[in-house]
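Okay, so here's just one chain, in structure tokens, the form predicted on its own.
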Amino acid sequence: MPSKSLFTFGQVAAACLFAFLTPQAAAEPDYEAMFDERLKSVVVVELFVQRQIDREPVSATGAVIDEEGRIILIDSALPSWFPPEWFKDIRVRPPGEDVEGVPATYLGQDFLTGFHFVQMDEGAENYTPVTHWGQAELKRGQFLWGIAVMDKQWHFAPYYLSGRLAAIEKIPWDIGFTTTPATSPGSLVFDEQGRVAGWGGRITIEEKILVAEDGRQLPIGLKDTRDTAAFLAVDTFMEQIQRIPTEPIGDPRPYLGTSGLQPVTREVAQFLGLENQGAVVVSDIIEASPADKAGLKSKDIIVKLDGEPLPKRRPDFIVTRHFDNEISRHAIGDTITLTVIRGDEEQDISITLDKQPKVLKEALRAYYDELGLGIREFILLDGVARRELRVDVGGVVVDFIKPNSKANTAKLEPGDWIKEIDGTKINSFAQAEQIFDGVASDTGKAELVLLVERNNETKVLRVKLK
């Protein structure tokens, strides 16, 4: 007698139909394989910063952006006020591997973004450019993952992070935020298919110059944490990796000549009927600048740039960054039109942009080991900090004091503005350099008398030479 079937024909048919109509669960992406592949787009850059008497190691995570082995680093990876010649022995290595790495060259810093660029001198074929992986389409709530990199004490070991996209905000660029950290500063974020979603970093942090009560100018920056939930969105990132400087000191930047732009308060915006757009107030105008020559005035309220209303941004201060960025996108020699509210009238002002005066990294410097004194050129930034709103201010600035030196004993401090040397008014860096060179070679001179300004107070300091 034939054995009895466990299922009827109808049951088998129903089961087959159910299996056909029921969607199968998608296979889990092989994140381990994708991680290993995309790790070849992430590097560690190591170098030394060589200053007057010390040599400090620096390291940062970067992303490989092209077949030539060029690498992008976040703005805080290297201090923007350091001259490029201080960056020594640059090497590039893969994360987590205990190797010496390959030599590299510093290409410069983009003035618009602040991002640094270096290039491998050899070995680029061992890495994969970020452009190889394609671009993700970002949507709130989507799953993102990234490659994070440990500190040097952990030999820069790479590790996996993930989170969901919580928001994208213009600050003033498109910045993505994940629910939990999804990468580390300078590294990459990907979607489930392994396409690039963005570039990690605390992109909203900027380097600043802190002016202390005694007048010293202290370059400061906030140190990035190892993990970050913020990243530069991929579309903006792909645009900005094209902005490679043509020289290490940086490309010339367009110059407007305003200082201390401030966002309009909500109360003033309501009073002026500007609730639905952005506006910035001009604090100061630099003497003989393009803005000054065109007739822009302090307290003018800028509401449009080239006919376009300034966008409304939150927080309010982002609108000033947007304005600065839009000016920086122009070329030197371009003519822009600012629509301003002055008093109760609105008017257009045409301004032809010029080349920006020297920044800190470009200032001339000299160091006198016998005195233990480093000086640098007085630049526009120094003048703005001291309410000297012009570019032809004389004197030099104390840049470095060697501990237990003659300059240190005389109570000179970094940031002191040297206005006279032995009764001679200093009109230029070259003049000061010539005098200090003479002092170093004059074996019979017993004392050097300096007139300095510190914290808006004038002091006479005596440097004993014997």
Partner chain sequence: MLKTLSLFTLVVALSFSLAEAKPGGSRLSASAESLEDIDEGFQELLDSVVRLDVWETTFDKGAKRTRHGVGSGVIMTDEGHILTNAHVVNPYAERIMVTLNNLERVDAELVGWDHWTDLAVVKLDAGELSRKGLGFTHAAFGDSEDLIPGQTVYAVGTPNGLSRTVTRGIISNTERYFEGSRVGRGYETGNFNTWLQTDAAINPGNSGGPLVLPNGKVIGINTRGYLGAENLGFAVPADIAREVLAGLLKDESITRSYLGLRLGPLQDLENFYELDSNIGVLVQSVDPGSPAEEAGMRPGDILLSIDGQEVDGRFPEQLPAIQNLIASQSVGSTVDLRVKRGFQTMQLPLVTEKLESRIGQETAFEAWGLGVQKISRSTAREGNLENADGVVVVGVQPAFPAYEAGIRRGDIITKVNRQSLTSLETLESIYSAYEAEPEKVLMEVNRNHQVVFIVVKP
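All values reported here derive from a predicted model rather than from experimental measurement. Residue numbers count along the first chain shown, from 1.
The same protein has a further form, the form predicted in complex with the partner chain, not shown here; the description that follows concerns it.
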In the predicted bound form, Ala166 touching the partner chain (heavy atom, 4.5 Å): no
Exercise: Asn456 in contact with the partner chain in the predicted bound form, heavy atom 4.5 Å: yes
Any non-hydrogen atom of Leu274 within 4.5 angstroms of the partner chain in the predicted bound form: no
In the predicted bound form, Arg387 touching the partner chain (heavy atom, 4.5 Å): yes
Sole residue of Pro315, Gly343, Gly333, Gly307 within 4.5 Å of the partner chain in the predicted bound form, by heavy atom: Gly343
One residue of Asp284, Glu326, Glu239, Asp121 in contact with the partner chain, assessed in the predicted bound form (non-hydrogen atom, 4.5 angstroms): Asp284
Proximity to the partner chain in the predicted bound form (heavy atom, within 4.5 Å), stretch among 79-87, 275-283, 102-110, 183-191: 275-283
Contacts with the partner chain in the predicted bound form - residues in 429-466 whose heavy atoms fall within 4.5 Å: Glu447, Val449, Leu451, Asn456, Glu457, Thr458, Lys459, Val460, Arg462, Lys464
